[in-house]
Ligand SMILES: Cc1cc2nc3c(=O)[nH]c(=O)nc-3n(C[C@H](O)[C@H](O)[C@H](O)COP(=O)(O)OP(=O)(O)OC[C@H]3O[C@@H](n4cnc5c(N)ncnc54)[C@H](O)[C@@H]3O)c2cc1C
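There is one chain below, alone, in structure tokens, taken in the form predicted on its own.
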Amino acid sequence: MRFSGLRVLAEGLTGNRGWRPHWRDPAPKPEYDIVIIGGGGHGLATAFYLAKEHGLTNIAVLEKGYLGGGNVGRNTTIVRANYGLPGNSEFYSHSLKLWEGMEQELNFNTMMSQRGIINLCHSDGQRDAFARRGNAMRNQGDDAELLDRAQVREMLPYLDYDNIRFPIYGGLLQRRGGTARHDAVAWGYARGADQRGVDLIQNCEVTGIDLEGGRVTGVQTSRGAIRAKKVGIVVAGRSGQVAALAGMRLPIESHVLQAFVSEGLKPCIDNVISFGMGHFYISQSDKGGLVFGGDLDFYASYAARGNLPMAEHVMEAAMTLMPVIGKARVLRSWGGIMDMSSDGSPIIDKTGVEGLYLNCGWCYGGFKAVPGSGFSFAHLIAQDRPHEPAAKFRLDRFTTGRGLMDEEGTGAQHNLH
């Protein structure tokens, strides 16, 4: 079933009786070539690219809840490629290119909106840092524009430019950045993987990983044992728990990141805006709600909910940046469990167990990385060698100290990344 304007019109004229489910609901088979643990954006994208790029279809994606019920459905939907360090820069550049062709590739409307993202700077030092970052982005082949105060004011007249503590000096603009509909991204990849023969198995929690002679042989699940030649772990904030089933201890911590949505308002924010001194970011959804977030909760937790002190902290940052939204009502908030690595950068690598592969440590970068992560992880699993844009995301950098990518310069404290 393909989507098109003509198909939508025809279904509308015939009572919408011709639509079929987007994917099957199969029972798990006793054995697969590849099992992907985790039915979020990264896991579904991995399965899709394994089938599309490598012709592998005897694959199962195992999700303990429902597809897209984790972080891919609990985020602020921002897409960007404005990283500065080698390793991160190449990877997110590759991921953004995949975002730009995603809707055509999947034949699914992910509501990709390249409305531009502006990172505001509030000091001379921060402006210099953004100039260096912008040059690194341009050297990578991505777009970047350094804006002065007047240029930012012309684009964003509703901000507080003369705040005593945090005056706005300018900003770094990436016009190709923007937002996408998070649920639609999961649904599009799920539909694409299913069409290519991948089994998407919901309500199937992995309770054990079977090992024999130093290699993986399958998994134990709430729906029975499943044998597999290769197993990929891509479960975001639950990575530490699932890896422990194979006797591994990962260099990550799990923290909760809250986000918020306001009541629907008339269109007022055309771009994605990031407040450089308050770690606050905001955009406006197609339904009119202001979508915004800030710092993560600064303690480890597996609870997919936030707390009021951090909610207050985010609201303070919002009012500091744009007091004009002070009377907008907040409709809801949610918390996603972030797998925070100790250098703030992800891990896509083979483990010490043959046939067991790891994809984790995405920190704040998980949603924007979905297509690039899936493409690179699929390449690693299929060919047993790293995909070039993700070649620096090695697990052993945390034991050797070589190749660490501390993008924010905050050291080895998970909660500060």
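Values in this document were obtained by computation on a predicted structure and should not be read as measured data. The first residue of the sequence shown is number 1, and the count goes up from there.
Another form exists, predicted together with the ligand; not displayed. Remarks below refer to it.
In the model of the complex, the ligand lies within 4.5 Å of some heavy atom of residue 364.
Residue contact check for residue 59: none of its heavy atoms lie within 4.5 Å of the ligand in the model of the complex.
At least one heavy atom of residue 77 is located within 4.5 Å of the ligand in the model of the complex. The ligand in the model of the complex comes within 4.5 Å of a heavy atom belonging to residue 64.
Contact with the ligand, judged by heavy atoms within 4.5 Å in the model of the complex, is confined among 137-145, 162-170, 306-314, 253-261 to 253-261. Scanning 228, 200, 318, 206 against the ligand in the model of the complex with a 4.5 Å heavy atom cut-off leaves one residue, 206. The contact with the ligand in the model of the complex, taken as any heavy atom within 4.5 Å, belongs to 236 out of 347, 190, 96, 236. If you take 40-56 and check each residue for a heavy atom within 4.5 Å of the ligand in the model of the complex, you get 40, 41, 42, 43, in sequence order.
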